[in-house]
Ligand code: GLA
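A single chain, nothing else alongside it, follows as C-alpha coordinates in the form predicted alone.
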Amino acid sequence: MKETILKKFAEVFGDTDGARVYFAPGRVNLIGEHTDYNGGHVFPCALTIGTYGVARRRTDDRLRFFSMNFEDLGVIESSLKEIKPSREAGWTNYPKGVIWAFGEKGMRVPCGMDLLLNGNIPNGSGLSSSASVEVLTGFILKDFFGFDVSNQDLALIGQYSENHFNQVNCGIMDQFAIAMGKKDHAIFLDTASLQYEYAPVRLEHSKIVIACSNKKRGLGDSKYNERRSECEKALEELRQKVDIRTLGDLDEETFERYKDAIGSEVRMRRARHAVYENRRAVRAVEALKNNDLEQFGKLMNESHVSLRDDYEVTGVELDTLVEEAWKVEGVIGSRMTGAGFGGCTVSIVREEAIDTFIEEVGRAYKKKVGYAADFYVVEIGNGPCVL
(Lines give C-alpha, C1' and ligand atoms only; values in the text may rest on other atoms or scores of the structure.)
Protein backbone atom coordinates (compact mmCIF):
# COMPACT_ATOMS: atom_id res chain seq x y z
CA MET A 1 0.00 0.00 0.00
CA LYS A 2 2.83 2.43 0.86
CA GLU A 3 4.39 2.22 -2.61
CA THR A 4 0.97 2.53 -4.30
CA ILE A 5 0.00 5.71 -2.50
CA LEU A 6 3.44 7.32 -2.84
CA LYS A 7 3.27 6.65 -6.59
CA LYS A 8 -0.19 8.21 -6.75
CA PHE A 9 0.99 11.21 -4.69
CA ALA A 10 3.80 11.82 -7.22
CA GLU A 11 1.27 11.55 -10.05
CA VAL A 12 -1.13 14.02 -8.45
CA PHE A 13 1.29 16.48 -6.83
CA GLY A 14 4.37 16.22 -9.06
CA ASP A 15 6.88 14.42 -6.80
CA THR A 16 7.22 12.93 -3.30
CA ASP A 17 9.95 15.23 -1.94
CA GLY A 18 9.32 15.85 1.76
CA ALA A 19 6.25 13.59 1.86
CA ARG A 20 5.55 11.18 4.73
CA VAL A 21 3.18 8.22 4.88
CA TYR A 22 0.71 7.68 7.74
CA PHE A 23 -2.04 5.25 8.79
CA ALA A 24 -5.03 5.46 11.13
CA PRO A 25 -7.34 2.46 11.67
CA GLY A 26 -11.07 2.08 11.37
CA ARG A 27 -12.94 0.70 14.35
CA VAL A 28 -15.71 -1.68 15.19
CA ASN A 29 -17.70 -1.63 18.39
CA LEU A 30 -18.12 -5.13 19.79
CA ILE A 31 -20.91 -4.13 22.20
CA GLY A 32 -22.27 -1.00 23.89
CA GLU A 33 -24.14 0.81 21.10
CA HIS A 34 -25.69 4.27 21.43
CA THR A 35 -24.40 4.38 25.01
CA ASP A 36 -21.47 6.73 24.36
CA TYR A 37 -23.57 9.92 24.46
CA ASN A 38 -25.64 8.54 27.34
CA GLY A 39 -22.76 8.36 29.82
CA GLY A 40 -22.38 4.61 29.48
CA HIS A 41 -19.69 2.09 28.57
CA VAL A 42 -18.55 1.03 25.11
CA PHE A 43 -16.25 -1.76 23.99
CA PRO A 44 -14.68 -0.94 20.61
CA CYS A 45 -11.44 -2.06 19.00
CA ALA A 46 -9.25 -0.63 16.25
CA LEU A 47 -8.99 -2.65 13.03
CA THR A 48 -6.16 -3.40 10.65
CA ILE A 49 -8.17 -1.73 7.86
CA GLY A 50 -8.28 2.05 7.88
CA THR A 51 -7.08 5.24 6.19
CA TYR A 52 -3.66 5.68 4.59
CA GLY A 53 -2.36 9.20 4.01
CA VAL A 54 0.59 10.85 2.30
CA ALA A 55 1.21 14.42 3.43
CA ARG A 56 3.76 17.16 3.10
CA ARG A 57 4.03 20.73 4.30
CA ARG A 58 3.79 23.65 1.91
CA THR A 59 5.47 27.05 2.17
CA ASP A 60 2.17 28.92 1.58
CA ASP A 61 -1.29 28.60 3.14
CA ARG A 62 -2.79 26.44 0.33
CA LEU A 63 -4.55 23.17 1.13
CA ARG A 64 -4.58 20.64 -1.70
CA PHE A 65 -6.53 17.47 -0.95
CA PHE A 66 -6.97 14.35 -3.09
CA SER A 67 -8.75 11.10 -2.25
CA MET A 68 -8.17 7.87 -4.15
CA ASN A 69 -11.67 6.87 -2.98
CA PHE A 70 -13.19 9.86 -4.82
CA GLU A 71 -10.77 10.21 -7.75
CA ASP A 72 -13.42 11.75 -10.01
CA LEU A 73 -13.47 14.83 -7.74
CA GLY A 74 -9.81 15.53 -8.56
CA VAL A 75 -7.66 17.79 -6.39
CA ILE A 76 -9.77 19.97 -4.10
CA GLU A 77 -8.02 23.25 -3.31
CA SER A 78 -8.67 25.82 -0.61
CA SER A 79 -6.60 27.79 1.88
CA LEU A 80 -6.21 28.01 5.64
CA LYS A 81 -8.02 31.35 5.75
CA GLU A 82 -11.03 29.92 3.88
CA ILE A 83 -11.75 27.25 6.52
CA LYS A 84 -15.10 27.79 8.21
CA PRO A 85 -17.62 25.36 9.75
CA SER A 86 -20.07 23.91 7.23
CA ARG A 87 -21.95 20.65 6.69
CA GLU A 88 -21.80 20.70 2.92
CA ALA A 89 -18.19 20.50 1.72
CA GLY A 90 -17.90 16.73 1.23
CA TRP A 91 -15.04 14.57 2.47
CA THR A 92 -12.54 17.46 2.79
CA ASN A 93 -14.65 18.76 5.66
CA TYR A 94 -13.08 16.14 7.94
CA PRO A 95 -9.41 17.17 7.57
CA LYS A 96 -10.39 20.86 7.40
CA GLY A 97 -12.44 20.47 10.58
CA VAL A 98 -9.46 19.07 12.46
CA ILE A 99 -7.18 21.90 11.26
CA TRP A 100 -9.87 24.36 12.42
CA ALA A 101 -10.27 22.54 15.77
CA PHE A 102 -6.51 22.70 16.47
CA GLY A 103 -6.75 26.47 15.93
CA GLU A 104 -9.74 26.71 18.28
CA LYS A 105 -7.64 24.91 20.92
CA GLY A 106 -4.83 27.47 20.56
CA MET A 107 -2.65 25.46 18.16
CA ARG A 108 -2.65 27.44 14.93
CA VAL A 109 -1.53 25.50 11.87
CA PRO A 110 1.16 27.76 10.35
CA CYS A 111 1.18 26.57 6.73
CA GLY A 112 -0.78 24.58 4.18
CA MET A 113 -0.26 21.00 3.03
CA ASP A 114 -0.69 18.56 0.20
CA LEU A 115 -2.66 15.54 1.42
CA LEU A 116 -3.57 12.34 -0.41
CA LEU A 117 -5.84 9.78 1.27
CA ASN A 118 -6.73 6.21 0.47
CA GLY A 119 -9.08 4.32 2.76
CA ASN A 120 -9.87 0.62 2.67
CA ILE A 121 -12.80 1.05 5.05
CA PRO A 122 -16.03 0.80 3.02
CA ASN A 123 -17.54 4.32 2.71
CA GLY A 124 -20.74 4.79 4.70
CA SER A 125 -20.27 1.41 6.37
CA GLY A 126 -20.36 2.58 9.98
CA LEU A 127 -16.74 1.50 10.59
CA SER A 128 -15.81 5.14 11.16
CA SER A 129 -14.07 6.23 8.00
CA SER A 130 -14.77 9.85 9.04
CA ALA A 131 -13.25 9.47 12.52
CA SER A 132 -10.31 7.62 10.97
CA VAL A 133 -9.64 10.63 8.70
CA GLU A 134 -9.98 12.99 11.70
CA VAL A 135 -7.48 11.08 13.85
CA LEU A 136 -5.13 10.66 10.88
CA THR A 137 -5.20 14.42 10.22
CA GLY A 138 -4.57 15.22 13.88
CA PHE A 139 -1.68 12.77 13.98
CA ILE A 140 -0.16 14.39 10.86
CA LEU A 141 -0.49 17.88 12.39
CA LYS A 142 1.15 16.68 15.61
CA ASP A 143 4.01 15.13 13.61
CA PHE A 144 4.46 18.14 11.32
CA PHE A 145 4.27 20.95 13.85
CA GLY A 146 5.28 19.34 17.15
CA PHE A 147 1.98 20.15 18.89
CA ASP A 148 2.00 18.86 22.47
CA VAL A 149 -1.01 16.53 22.27
CA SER A 150 -1.50 12.92 23.36
CA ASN A 151 -3.44 10.36 21.34
CA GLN A 152 -6.32 10.86 23.78
CA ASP A 153 -6.21 14.59 22.97
CA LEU A 154 -6.37 13.71 19.26
CA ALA A 155 -9.59 11.78 19.95
CA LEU A 156 -11.14 14.75 21.78
CA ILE A 157 -10.07 17.20 19.05
CA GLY A 158 -11.56 14.89 16.40
CA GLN A 159 -14.86 14.73 18.28
CA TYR A 160 -14.83 18.52 18.81
CA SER A 161 -14.32 19.09 15.09
CA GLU A 162 -17.14 16.70 14.12
CA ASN A 163 -19.52 18.28 16.65
CA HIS A 164 -18.73 21.93 15.92
CA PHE A 165 -17.35 21.99 12.37
CA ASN A 166 -19.37 19.23 10.70
CA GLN A 167 -22.31 19.74 13.08
CA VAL A 168 -22.77 16.02 13.72
CA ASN A 169 -23.59 15.33 17.34
CA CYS A 170 -21.32 12.26 17.70
CA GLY A 171 -20.04 10.84 20.98
CA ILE A 172 -16.37 10.16 21.80
CA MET A 173 -16.22 6.42 21.07
CA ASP A 174 -15.13 6.38 17.41
CA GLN A 175 -12.24 8.78 17.70
CA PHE A 176 -11.14 7.27 21.03
CA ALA A 177 -11.08 3.70 19.72
CA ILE A 178 -9.05 4.76 16.67
CA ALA A 179 -6.57 7.00 18.48
CA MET A 180 -6.04 4.58 21.38
CA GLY A 181 -6.16 1.24 19.52
CA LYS A 182 -4.02 -1.66 20.75
CA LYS A 183 -3.40 -4.90 18.89
CA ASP A 184 -5.55 -7.86 20.04
CA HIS A 185 -7.27 -5.72 22.68
CA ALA A 186 -10.59 -3.92 22.84
CA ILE A 187 -11.05 -0.76 24.89
CA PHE A 188 -13.51 -0.82 27.77
CA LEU A 189 -14.30 2.88 27.95
CA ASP A 190 -16.49 4.73 30.44
CA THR A 191 -17.65 7.57 28.20
CA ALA A 192 -18.73 9.71 31.17
CA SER A 193 -15.28 9.85 32.78
CA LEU A 194 -13.00 8.70 29.89
CA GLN A 195 -11.54 6.11 32.25
CA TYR A 196 -10.61 3.06 30.21
CA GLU A 197 -8.90 -0.28 30.35
CA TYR A 198 -7.59 -2.57 27.63
CA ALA A 199 -9.17 -6.01 27.66
CA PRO A 200 -7.49 -8.81 25.70
CA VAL A 201 -9.78 -10.36 23.09
CA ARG A 202 -8.92 -14.05 22.91
CA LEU A 203 -11.03 -15.49 20.13
CA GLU A 204 -9.75 -19.11 20.35
CA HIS A 205 -10.18 -20.46 16.79
CA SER A 206 -12.77 -17.80 15.96
CA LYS A 207 -12.62 -14.58 13.97
CA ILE A 208 -14.42 -11.26 13.80
CA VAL A 209 -16.39 -11.00 10.56
CA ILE A 210 -17.85 -7.68 9.43
CA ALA A 211 -20.80 -7.79 7.04
CA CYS A 212 -21.38 -4.52 5.20
CA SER A 213 -25.01 -4.05 4.17
CA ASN A 214 -24.03 -1.63 1.37
CA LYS A 215 -26.96 0.52 2.38
CA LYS A 216 -25.40 3.95 2.66
CA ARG A 217 -26.32 6.31 5.44
CA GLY A 218 -25.11 9.74 6.48
CA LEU A 219 -24.92 10.38 10.22
CA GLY A 220 -26.11 13.97 9.96
CA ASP A 221 -29.25 13.11 8.00
CA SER A 222 -30.07 9.89 9.84
CA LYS A 223 -32.27 9.79 12.91
CA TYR A 224 -29.16 9.79 15.10
CA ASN A 225 -29.74 13.30 16.46
CA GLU A 226 -33.41 12.46 17.06
CA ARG A 227 -32.49 9.42 19.18
CA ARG A 228 -30.01 11.52 21.09
CA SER A 229 -32.58 14.18 21.95
CA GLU A 230 -35.14 11.51 22.96
CA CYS A 231 -32.61 10.16 25.48
CA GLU A 232 -31.78 13.65 26.76
CA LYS A 233 -35.49 14.35 27.36
CA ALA A 234 -35.95 10.97 29.11
CA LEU A 235 -32.95 11.77 31.32
CA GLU A 236 -34.49 15.13 32.28
CA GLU A 237 -37.72 13.38 33.25
CA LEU A 238 -35.94 10.69 35.30
CA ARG A 239 -33.92 13.33 37.14
CA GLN A 240 -37.14 14.64 38.66
CA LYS A 241 -37.27 11.37 40.63
CA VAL A 242 -33.72 10.04 40.97
CA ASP A 243 -30.33 11.71 41.48
CA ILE A 244 -28.35 10.81 38.34
CA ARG A 245 -26.11 12.67 35.90
CA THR A 246 -26.52 10.31 32.93
CA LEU A 247 -28.59 7.28 31.92
CA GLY A 248 -25.38 5.30 32.36
CA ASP A 249 -25.64 5.88 36.13
CA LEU A 250 -28.69 3.58 36.33
CA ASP A 251 -28.80 -0.18 36.69
CA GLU A 252 -31.76 -2.16 35.36
CA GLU A 253 -33.53 -2.44 38.71
CA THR A 254 -33.40 1.31 39.43
CA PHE A 255 -34.56 2.09 35.89
CA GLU A 256 -37.57 -0.22 36.24
CA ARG A 257 -38.45 1.45 39.54
CA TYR A 258 -38.48 4.98 38.11
CA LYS A 259 -39.29 4.51 34.40
CA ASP A 260 -42.88 5.77 34.84
CA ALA A 261 -41.41 9.25 35.27
CA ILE A 262 -40.76 9.23 31.51
CA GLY A 263 -43.70 10.88 29.78
CA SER A 264 -43.83 8.77 26.60
CA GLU A 265 -43.61 5.08 25.84
CA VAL A 266 -41.18 5.75 22.95
CA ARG A 267 -38.77 7.73 25.16
CA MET A 268 -39.05 5.04 27.83
CA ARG A 269 -37.91 2.41 25.31
CA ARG A 270 -35.03 4.59 24.13
CA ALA A 271 -33.85 5.08 27.71
CA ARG A 272 -34.34 1.38 28.50
CA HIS A 273 -32.00 0.49 25.66
CA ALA A 274 -29.34 2.92 26.93
CA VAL A 275 -29.52 1.54 30.48
CA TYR A 276 -29.67 -2.17 29.60
CA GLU A 277 -27.05 -1.89 26.84
CA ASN A 278 -24.65 -0.23 29.25
CA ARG A 279 -25.02 -3.11 31.71
CA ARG A 280 -24.60 -5.61 28.83
CA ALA A 281 -21.28 -3.97 27.94
CA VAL A 282 -20.07 -4.31 31.53
CA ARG A 283 -21.10 -7.98 31.66
CA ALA A 284 -19.59 -8.69 28.24
CA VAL A 285 -16.16 -7.53 29.39
CA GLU A 286 -16.47 -9.72 32.49
CA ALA A 287 -17.35 -12.66 30.22
CA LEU A 288 -14.22 -12.08 28.11
CA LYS A 289 -12.06 -11.84 31.22
CA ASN A 290 -13.49 -15.21 32.28
CA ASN A 291 -12.76 -16.63 28.80
CA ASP A 292 -16.52 -17.17 28.32
CA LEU A 293 -16.92 -16.43 24.62
CA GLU A 294 -20.36 -18.11 24.52
CA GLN A 295 -21.72 -15.64 27.09
CA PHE A 296 -20.14 -12.76 25.18
CA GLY A 297 -21.96 -13.97 22.05
CA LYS A 298 -25.31 -14.17 23.84
CA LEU A 299 -24.91 -10.58 25.03
CA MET A 300 -24.14 -9.49 21.44
CA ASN A 301 -27.39 -11.13 20.31
CA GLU A 302 -29.37 -9.43 23.09
CA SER A 303 -27.80 -6.12 22.10
CA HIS A 304 -29.14 -6.46 18.56
CA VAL A 305 -32.66 -7.27 19.75
CA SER A 306 -32.65 -4.15 21.94
CA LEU A 307 -31.33 -1.98 19.08
CA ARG A 308 -34.06 -3.41 16.84
CA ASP A 309 -37.02 -3.23 19.20
CA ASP A 310 -36.32 -0.49 21.76
CA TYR A 311 -33.99 1.85 19.89
CA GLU A 312 -35.34 1.14 16.39
CA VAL A 313 -32.12 1.81 14.49
CA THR A 314 -31.69 -1.44 12.54
CA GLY A 315 -33.92 -1.74 9.45
CA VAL A 316 -34.48 -4.67 7.11
CA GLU A 317 -30.87 -4.80 5.88
CA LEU A 318 -29.17 -5.12 9.27
CA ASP A 319 -31.92 -7.37 10.66
CA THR A 320 -31.58 -9.74 7.70
CA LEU A 321 -27.79 -9.98 8.11
CA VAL A 322 -28.09 -10.70 11.84
CA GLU A 323 -31.08 -13.04 11.73
CA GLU A 324 -29.47 -15.09 8.95
CA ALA A 325 -26.19 -15.16 10.90
CA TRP A 326 -28.00 -16.59 13.93
CA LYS A 327 -29.10 -19.57 11.79
CA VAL A 328 -25.52 -20.59 10.90
CA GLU A 329 -23.88 -23.20 13.10
CA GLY A 330 -20.56 -21.86 14.41
CA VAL A 331 -21.77 -18.27 14.87
CA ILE A 332 -21.11 -17.32 18.49
CA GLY A 333 -22.82 -13.94 18.35
CA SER A 334 -23.96 -11.32 15.84
CA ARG A 335 -25.30 -7.78 16.05
CA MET A 336 -25.50 -4.51 14.17
CA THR A 337 -22.65 -2.13 14.95
CA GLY A 338 -22.35 1.63 14.56
CA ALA A 339 -25.15 4.19 14.39
CA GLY A 340 -27.49 1.89 12.46
CA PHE A 341 -29.87 2.71 9.59
CA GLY A 342 -27.50 0.82 7.28
CA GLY A 343 -23.81 0.17 7.76
CA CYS A 344 -22.50 -3.10 9.16
CA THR A 345 -22.95 -6.05 11.45
CA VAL A 346 -20.22 -7.64 13.54
CA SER A 347 -20.17 -11.38 14.17
CA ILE A 348 -17.86 -13.75 15.99
CA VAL A 349 -17.62 -16.89 13.89
CA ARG A 350 -15.72 -20.13 14.41
CA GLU A 351 -12.94 -20.41 11.80
CA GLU A 352 -14.30 -23.59 10.25
CA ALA A 353 -17.72 -21.93 9.72
CA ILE A 354 -16.54 -18.69 8.07
CA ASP A 355 -16.93 -19.80 4.43
CA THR A 356 -20.40 -21.23 5.13
CA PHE A 357 -21.36 -18.07 7.01
CA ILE A 358 -20.34 -15.79 4.13
CA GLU A 359 -22.04 -18.00 1.54
CA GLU A 360 -25.34 -18.59 3.37
CA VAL A 361 -25.80 -15.13 4.88
CA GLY A 362 -24.74 -13.55 1.57
CA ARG A 363 -27.22 -15.62 -0.46
CA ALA A 364 -30.16 -14.98 1.89
CA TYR A 365 -29.36 -11.26 2.07
CA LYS A 366 -29.24 -10.81 -1.70
CA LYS A 367 -32.49 -12.72 -2.12
CA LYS A 368 -34.32 -10.59 0.45
CA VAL A 369 -32.76 -7.15 -0.08
CA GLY A 370 -32.00 -7.33 -3.81
CA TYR A 371 -28.29 -6.49 -3.77
CA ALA A 372 -25.15 -8.05 -2.30
CA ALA A 373 -23.49 -7.55 1.09
CA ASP A 374 -19.69 -7.49 1.43
CA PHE A 375 -17.83 -9.50 4.07
CA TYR A 376 -14.52 -8.72 5.79
CA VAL A 377 -12.63 -11.06 8.11
CA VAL A 378 -10.75 -8.56 10.29
CA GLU A 379 -8.01 -8.42 12.89
CA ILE A 380 -7.70 -6.08 15.87
CA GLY A 381 -4.87 -3.60 15.31
CA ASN A 382 -3.04 -0.60 16.76
CA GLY A 383 -3.76 3.14 16.66
CA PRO A 384 -2.30 5.75 14.27
CA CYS A 385 1.32 5.56 13.11
CA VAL A 386 3.93 6.77 10.64
CA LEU A 387 4.63 4.07 8.05
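All of these numbers come straight from a predicted model, not from anything done at the bench. When you see a residue number, it is the position in the sequence shown, counting from 1.
Keep in mind that the form predicted in complex with the named molecule is missing from the display, and what follows is about it.
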item: Among 332-340, 62-70, 43-51, 352-360, the region lying within 4.5 Å of the named molecule in the model of the complex by heavy atom distance; value: 332-340
item: Proximity to the named molecule in the model of the complex, single hit among 85, 297, 171, 315 (heavy atom within 4.5 Å); value: 171
item: Interface membership of residue 36, the named molecule in the model of the complex, 4.5 Å heavy atom rule; value: yes
item: Contact label in the model of the complex: residue 91 to the named molecule, heavy atom within 4.5 Å; value: no
item: Heavy atom of residue 196 within 4.5 Å of the named molecule in the model of the complex; value: no
item: Close approach of residue 160 to the named molecule in the model of the complex, 4.5 Å, heavy atom; value: no
